[in-house]
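As a starting point, one isolated chain is supplied in structure tokens, in the form predicted on its own.
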């Protein structure tokens, strides 16, 4: 049975979270165990996709007022508000053949671990291409992926609770006149674990369910580990990039 390394890094600022994900991907070697990581965000944050413009996506004065980090990801996709959620990341070598070279198939495989994790919590979920997970027809999780140096990094969110109004106090919309309608539409299309079950979950309970989900999806043993000293050094160095104005305002 394949062994995966589990990292539970707790609640960190947005710049550190993104730096750790990149450091794990860049430092990964074929002979290393694939890595699953679960983490949260403190303070709450907005991450924007690699190809987005920060000023077009985020109300920066409002973010400053609320004490929210704003950080550009190395993955594509849209702007995401991170608050009450479990975020996961998964790193493996393409040569390991754990996931397909086909992007759609690889999303389905990795997201399948989250689907199985939700099943552990008694929640019936399904994968919705390209990279979402839905419950009762509504989105509960979204993911993004990048590949560098022969390695795969996928990270994504699992909403424990969602405040759409707070989200849109930080995120800009293309047409301000339509904002009310857009907010109502998102409320209809997005859900959370607590909304679906009427229960409040601890981060650790959800993380444990997701760990089991990865074990089942990959027929693997997911064993708690820690960042290596090399990964810590690399993450510390990379964090400077993620915290820099040059990186975050580059587009």
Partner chain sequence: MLGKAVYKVPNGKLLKLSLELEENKIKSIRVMGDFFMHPEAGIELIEAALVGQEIDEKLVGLIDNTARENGIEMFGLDSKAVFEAIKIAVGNAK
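Positions refer to the first chain, counted from 1. Computed from a predicted model, the values in this text were never measured in an experiment.
The form predicted in complex with the partner chain is left out here; the points below concern that form.
J.: Quick one: of 144, 121, 71, 135, which gets a non-hydrogen atom within 4.5 angstroms of the partner chain in the predicted bound form?
T.: In short, 144.
J.: Counting non-hydrogen atoms within 4.5 angstroms of the partner chain in the predicted bound form, say which of 56, 194, 65, 205 makes the cut.
T.: That would be 56.
J.: Give a yes or no for residue 112: in the predicted bound form, does one of its heavy atoms lie within 4.5 Å of a heavy atom belonging to the partner chain?
T.: Although the partner chain is absent here, residue 112 would stay clear of it in the predicted bound form, with no heavy atoms inside 4.5 Å.
J.: Quick one: does residue 89 come within 4.5 Å of the partner chain in the predicted bound form, counting heavy atoms only?
T.: Although the partner chain is absent here, residue 89 would stay clear of it in the predicted bound form, with no heavy atoms inside 4.5 Å.
J.: Evaluate residue 157 for contact with the partner chain in the predicted bound form, applying a 4.5 angstroms cut-off between non-hydrogen atoms, and reply yes or no.
T.: Answer no; every heavy atom of residue 157 is more than 4.5 Å from the partner chain in the predicted bound form.
J.: Taking 4.5 angstroms as the cut-off for heavy atoms, does residue 178 touch the partner chain in the predicted bound form?
T.: No, no contact at 4.5 Å.
J.: Looking at 185-193, 27-35, 44-52, 218-226, which one sits within 4.5 Å of the partner chain in the predicted bound form if you count heavy atoms only?
T.: Going through the listed ranges, the match is 44-52.
J.: Does any residue in 96-132 get within 4.5 Å of the partner chain in the predicted bound form, counting heavy atoms only, and if so which ones?
T.: Read in sequence order, the residues that approach the partner chain (within 4.5 Å, in the predicted bound form) are 103, 104, 107, 130, 131.
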